[in-house]
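Just so you know, structure 1 and structure 2 below are the same protein chain in two forms, each on its own as structure tokens.
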Structure 1
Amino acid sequence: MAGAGGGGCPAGGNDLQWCFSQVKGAVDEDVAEADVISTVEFSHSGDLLATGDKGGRVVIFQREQENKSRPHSRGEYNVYSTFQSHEPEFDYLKSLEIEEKINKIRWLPQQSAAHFLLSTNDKTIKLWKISERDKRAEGYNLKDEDGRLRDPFRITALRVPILKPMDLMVEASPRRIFANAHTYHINSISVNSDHETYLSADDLRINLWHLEITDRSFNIVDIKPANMEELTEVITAAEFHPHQCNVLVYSSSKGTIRLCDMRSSALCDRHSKFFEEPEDPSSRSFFSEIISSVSDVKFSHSGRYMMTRDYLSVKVWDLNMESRPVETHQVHEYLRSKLCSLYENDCIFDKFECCWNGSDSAIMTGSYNNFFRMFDRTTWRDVTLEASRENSKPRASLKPRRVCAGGKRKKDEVSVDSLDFSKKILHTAWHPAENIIAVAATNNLYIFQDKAN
């Protein structure tokens, strides 16, 4: 990630004043299932922002150029291209429906005027090219400009078509389809720093693909036990190191992270590092294992750290220390007493994602009630913000929110019991160089930016 320096921007997190920039999506109360956003991802330059939804669609927003007439706006994101990436399918051999929901989108480093991205549903990964066209050929031999056919016998000279400028057209075309390699549901895809391979991970296996070869992939990790009754853990997320082409990590439902070195062997079933925090026996409960399951793992841009999200916390690990995380941030500790009801309504299985800011100095992850959390790693301060339409005037500041865990509720505080667990923020993305964030709240995409400048 070359542009990850983000040098100019401050530490991020709560020292910044975040303000509203844009909201995309319908206002109505009843939400169509297909419109629920299932993934958000900035391109490597941050100029494009892609979202995928449960309806299998991908929408790409492009940042507008600086506008002289409105010097304060730093470029809004507007729709650039919309396309249907995946369609619902039916696997006749296994009698299984395959949902069209986009599980992940990953941009390829830009290598030409066109942009490329990978999108995946549970089974099939597709490579899309998003390109612009601004010329159109004109002039036919066999018909006139208005489309009327000419008499073939009256053709006395040949005309070669000429290209004329036209309105800009953005096209999305599927370049490769990587199918039939996953028995279980794909949860992650990650492009290697060699720019020619990527990995795809499902519950039990990780496959390595070449971006130009669709009929072959290599299985590099396989944790499927010979007897499925002995299954004790599944792969929950996997990612390549941002610079070292041979290093990948994958997290498991047991709360552990394994780091593999692809140099040592063709099969990475044996990890070279194993990150695990010793369990505190005093806090052990029926839910311990469920809430320790890692729902997302992300390398920092520098490649020195990685961050994992479990149900109640987000942890930062130094790659050089396997015994415990260097930082643990509580995301919504007040829910610890509510685990029983969260188990009953299945919320305990929600898979929250997490992300770094451009300079790795702050991290962000989601919570319930349309709240999302930011942690500043240098000042160790954190803030809870809300994605809502209530204060959606341009450049309106976001007010920090507080949840009261019990006892007396102060003014401006929200009681734990009044949190809306159907409004969850699972997917967020941070611009790779600037303080612009994209937060997916059900079917709405909020874009916030810092008030500085």
Structure 2
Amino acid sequence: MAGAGGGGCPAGGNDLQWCFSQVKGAVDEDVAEADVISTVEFSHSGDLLATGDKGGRVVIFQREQENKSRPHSRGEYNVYSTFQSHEPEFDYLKSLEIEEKINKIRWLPQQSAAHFLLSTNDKTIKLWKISERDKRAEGYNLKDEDGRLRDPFRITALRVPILKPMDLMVEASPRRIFANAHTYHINSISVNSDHETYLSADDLRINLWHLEITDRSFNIVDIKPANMEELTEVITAAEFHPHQCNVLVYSSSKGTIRLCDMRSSALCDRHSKFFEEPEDPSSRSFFSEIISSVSDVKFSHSGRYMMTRDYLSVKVWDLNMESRPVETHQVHEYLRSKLCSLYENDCIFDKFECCWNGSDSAIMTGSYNNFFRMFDRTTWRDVTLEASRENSKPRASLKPRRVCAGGKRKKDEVSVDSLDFSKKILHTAWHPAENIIAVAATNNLYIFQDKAN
């Protein structure tokens, strides 16, 4: 089965009509490299939305409570906390600069009033605690109100400090720093369903960490050959199963996906399942290996399926069938004729992510020209939408876009030759329970929702 490659009816079940909700970020034409968004992630409840950027900052948006005067209106997302997660570093042994860019953010399930998230750059993973403070203690015995120490000999009475209300403060504090475990660049982190461990993956190895232990991790996958000249593939993404704490998958630059069971052995170099689609010899070209590289892998919420994104398509795999995907959706097939120029400008190496909706009935991924694609797995309809400030009036409907690959261009169609390859949607996120999506377009974060409410 294959999804169509143009634009169609809106995806997401029952022909949803998507509309603009918010856009965050500056309107400047000259975008600072540090402001470019590099990851987007909803919390498990969907009430918080975190973004990381190339400047090492994490910005958390909180969904406002619904307005009682407008019971059907959805709460907007407003800035809740901003903090510097990573700083640029220098590896003096290897004479290499370590970028501060946030590669991935993953939320931990909330178990108290505070929220916890993991953020990582190329080398170091940090566990952050985000907590609120709206009271302060006053009436200390050994300190004055301005914080200065009092002379112990002048203290004549014992005071009991009291808590007094204060303006709400949101504090972000690093609780754990997990460093020095990766020789190569970290591309993935994934929290296990046991809520105690997580994995981190780089180009050649996957490590298993305990959230409480920072000084050691267990290497569970190592594909580094004894002779680096024999290296034929690298790990591109890895994720834990959402329900089975012993199962994980990782994808490779060769377009294959390996499923590992940690119960079988301590080192999961021998996979339990191997997912690969046979290549059609007639379509083989110089670029075949590059465009078959998997840039993202995501389990469905049910745990029955997984989705992989390569350069031109999104594939859905049934975990019980390794020989071929059950669904293949073409994202931008019209670019197949442009691969030569995309190779020359390095766009062919762009790593697009993909995401499921809360019920696993629809999937979303990005494209160029600030276009993003949605595929409805129930009706087999698909749509191309655009993240643009030109259509940023509140609750303005998003019009489906179409790309003309050749021949006579119809009205409202965009010619493939006029696509802007510098405007790309690499990072997207879908609210875990509602039809609210977050789309990162360079330094802007767009939030869209369905028009039903």
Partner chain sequence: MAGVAGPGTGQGAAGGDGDDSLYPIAVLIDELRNEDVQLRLNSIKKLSTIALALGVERTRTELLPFLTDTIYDEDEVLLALAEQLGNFTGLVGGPDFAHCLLPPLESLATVEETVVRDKAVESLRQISQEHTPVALEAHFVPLVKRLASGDWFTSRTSACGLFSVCYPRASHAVKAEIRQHFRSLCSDDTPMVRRAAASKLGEFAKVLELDSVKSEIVPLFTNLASDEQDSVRLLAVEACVSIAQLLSEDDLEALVMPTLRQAAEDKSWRVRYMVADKFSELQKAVGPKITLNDLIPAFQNLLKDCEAEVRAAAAHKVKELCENLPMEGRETIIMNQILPYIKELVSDTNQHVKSALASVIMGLSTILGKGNTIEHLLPLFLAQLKDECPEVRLNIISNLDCVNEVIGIRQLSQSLLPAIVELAEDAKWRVRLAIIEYMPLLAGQLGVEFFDEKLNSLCMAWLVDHVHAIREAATHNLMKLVQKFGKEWAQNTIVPKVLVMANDPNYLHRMTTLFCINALSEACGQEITTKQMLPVVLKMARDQVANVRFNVAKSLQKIGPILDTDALQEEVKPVLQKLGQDEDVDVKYFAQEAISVVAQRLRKLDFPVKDSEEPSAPGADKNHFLRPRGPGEDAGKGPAYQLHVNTRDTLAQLEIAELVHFPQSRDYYPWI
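We call the rigid core whatever largest set of C-alpha positions still superposes within 1.5 Å between the two forms. Just so it is clear, the structure is predicted and the values come from calculations on it, not from any experiment. Every residue number counts along structure 1's sequence, beginning with 1.
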Which of the two shown is the form predicted together with its partner chain: 1
Core-aligned CA displacement of Lys143 at least 2 Å between the two structures: yes
